[in-house]
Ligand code: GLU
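Just one chain is shown here, as structure tokens, and it is the form predicted alone.
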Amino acid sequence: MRGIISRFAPAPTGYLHLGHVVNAAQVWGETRARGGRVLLRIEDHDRRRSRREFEAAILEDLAWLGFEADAPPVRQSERDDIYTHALDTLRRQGLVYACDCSRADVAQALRPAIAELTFHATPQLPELHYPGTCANRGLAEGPGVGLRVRLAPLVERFDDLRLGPQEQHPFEQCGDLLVRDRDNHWTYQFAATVDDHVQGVTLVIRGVDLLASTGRQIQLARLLGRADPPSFLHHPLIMKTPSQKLSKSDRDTGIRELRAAGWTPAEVIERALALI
């Protein structure tokens, strides 16, 4: 793996906690071990929840922990032209269509399938799958209307650097991909894929909770013109319960609280890694 470029990409919707430290330690550790560079990307595409005060705190905590990026941070909120250009690339292929479905509409369409699974005592409910309601409606783009990209029913295969060979069916998992929501916000799946392509990211290191996103991001990147996808490494998470990961609301694991309590950077990193 030559010319390794990875990224740490926090969302400024809260303060850093031990779960973020696990990811940062994995990103910097794995990337440095390969002689690579780490980029810092502030994923503030959700303008409703992102706050500059959280971003400032994230940057301060990263510096205190000793995690130093190799370039100044970029913000997704300042990259609208880049995302618009990428969307136009997909439009020219006839892959973009308008959709006025809400998340509740999609969930409602899934209820019969969920009820059937529950009836048969299936322990895991399916991922929210868009059923293609607006795919052929020819809706006009405009306020209050989202945009989706048509995914092909293909199998995407990749080798995870920790988990080994993987096979995913993105269209069966999620249906056509929402790339801009009804409030005109770019989605995580789209913005992260475009940024990884444009920034030349060759190694994506993230939590295993995002493993299911990989196949759809590989297919989307290919549609955008990326011939070779990045390599992926999905690491374990700190779990609050067997089914619930750590969240920003867990104040007892917040970095700022641990700093105030007198913890050192080395103690915080050691504690985070001991919990996975």
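Bear in mind the structure is a predicted one, so any value in this text is a computation, not a measurement. Residue positions are given as counts along the sequence shown, with the first one as 1.
Absent from the display: the form predicted in complex with the named molecule. The rest refers to it.
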Item to complete: Flag this candidate site as yes only if Ala9, Tyr188 and Leu210 all have a heavy atom within 4.5 Å of the named molecule in the model of the complex; otherwise mark no.
Response: yes
Note: the named molecule not shown here; in the model of the complex, the stretch from 159-167, 172-180, 202-210, 98-106 having heavy atoms within 4.5 Å of it is 202-210
Can you tell me whether Glu55 touches the named molecule? I mean in the model of the complex, with a 4.5 angstroms heavy atom cut-off.
no
Glu30: touches the named molecule in the model of the complex, heavy atom cutoff 4.5 angstroms: no
Practice task
Find out whether any non-hydrogen atom of Asp46 is located within 4.5 angstroms of the named molecule in the model of the complex, and reply yes or no.
Solution key: no
Contact check, 150-170 vs the named molecule in the model of the complex, heavy atom within 4.5 Å, ordered by sequence, gives none
